[in-house]
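Take a look at this single chain, the form predicted on its own, given in structure tokens.
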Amino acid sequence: MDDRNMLAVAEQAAAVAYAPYSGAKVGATLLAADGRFFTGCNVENASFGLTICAERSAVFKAVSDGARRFRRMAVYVYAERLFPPCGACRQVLHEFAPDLSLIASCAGGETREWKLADLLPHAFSGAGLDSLRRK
């Protein structure tokens, strides 16, 4: 699936997002290493801490279907300006794909590409937990 198709699928996912509070409908397409793709959309909640972003929604769907390695993600937002994934999404993506590339587009027409490592330098990882375990 090429970038244009991934962004089109992400836009379709954004169309079904539940965003009554922010108004920012976001969709994501996640390409797994095995060629499967998974979509996600943001689902807001009046208790903002319970909201889930499109990026994490796609990752959790993929993991629940057995995918653990990912190649690329496309994100689309129905907004005039583009914004990168939030910190929580960056951390979850890093857990499974520290070398992931992301492409994003918005209704305003802007398109941008990022490397996850540039968005989350010095990321926390499971390797850091080794020093906490009792021997």
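Counting begins at 1, following the sequence as shown. The structure presented is a predicted model; accordingly, all values stated were derived computationally and were not measured.
This protein has a second form, the form predicted together with a small molecule, left out of what is shown; the following refers to that one.
Residue F83 is the only one of F96, F60, Y78, F83 with a heavy atom lying within 4.5 Å of the small molecule in the predicted bound form. Although the partner is absent here, S125 is not a contact residue: none of its heavy atoms lies within 4.5 angstroms of the small molecule in the predicted bound form. Within this chain, T51 lines the site of the small molecule in the predicted bound form, having a heavy atom no more than 4.5 Å away. Heavy atoms of S22 reach within 4.5 Å of the small molecule in the predicted bound form, making it an interface residue. A residue is said to contact a partner when one of its heavy atoms sits within 4.5 Å of a partner heavy atom; N42 meets this definition for the small molecule in the predicted bound form. Screening 29-37, 61-69, 42-50, 105-113 for residues having heavy atoms within 4.5 Å of the small molecule in the predicted bound form returns a single hit, 42-50.
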